[in-house]
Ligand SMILES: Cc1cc2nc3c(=O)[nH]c(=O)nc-3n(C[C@H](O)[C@H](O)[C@H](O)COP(=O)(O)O)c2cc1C
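What follows is one chain in structure tokens, specifically the form predicted alone.
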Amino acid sequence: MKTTAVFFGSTTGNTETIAKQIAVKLNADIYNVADNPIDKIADYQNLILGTSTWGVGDLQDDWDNFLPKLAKTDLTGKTIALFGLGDGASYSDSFVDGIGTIYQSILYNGCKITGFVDTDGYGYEASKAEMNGKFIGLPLDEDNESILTNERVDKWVEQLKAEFN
């Protein structure tokens, strides 16, 4: 497998926990975007970007400084997967919108985006992270569906192993 790194932003620690879980399963390096590791992007072929969604569709705060720099970065030849945490019950009309925000920021930077997940089995009403019946990455709901998290992560990691090669 090509070199892989997980970049995440986390407020409560939930996204960090999932990022570490994914990194271990993929033998990937891991970076907190709060540390502004933009210079590390060039070192990796495969990038996994993780965030939580706050309030009504807001991106996690640590991405505020990092995302504008990432949006200006040439990502040609890189394969990128996204994962996000959200609350499909209390914020059902903006479920995992944070990964939709990241997706829109990097879509035209030369990268291939992979790791799409079927929307079947998720409880929510609307999401900026949904396109044509699929999520543009792995959505997780630790507030209402945490019992499904490990299974969803394992299945997604296996999918990425095939898509990253």
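From 1 onward, residues are counted along the sequence shown. Computed from a predicted model, the values in this text were never measured in an experiment.
Form predicted in complex with this ligand: not shown, discussed below.
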Query raised in the report: Do heavy atoms from each of Asn36, Trp63 and Thr101 fall within 4.5 Å of this ligand in the model of the complex?
Result: no
Report task. Using heavy atoms only and a 4.5 Å cut-off, determine which of Phe116, Trp54, Tyr44, Tyr122 is in contact with this ligand in the model of the complex. Result -> Trp54
Query raised in the report: With the partner left out of view, is Thr12 within 4.5 angstroms of this ligand in the model of the complex by any non-hydrogen atom?
Result: yes
Report task. Give a yes or no for Asp143: in the model of the complex, does one of its heavy atoms lie within 4.5 Å of a heavy atom belonging to this ligand? Result -> yes
Report task. Could you confirm whether Ala129 comes within 4.5 Å of this ligand in the model of the complex, counting heavy atoms only? Result -> no
**Report entry** is_contact(Leu85, this ligand) in the model of the complex, heavy atom dist at most 4.5 Å
**Finding:** yes
Query raised in the report: Which one, 93-101, 23-31, 36-44, 63-71, holds residues whose non-hydrogen atoms are within 4.5 Å of this ligand in the model of the complex?
Result: 93-101
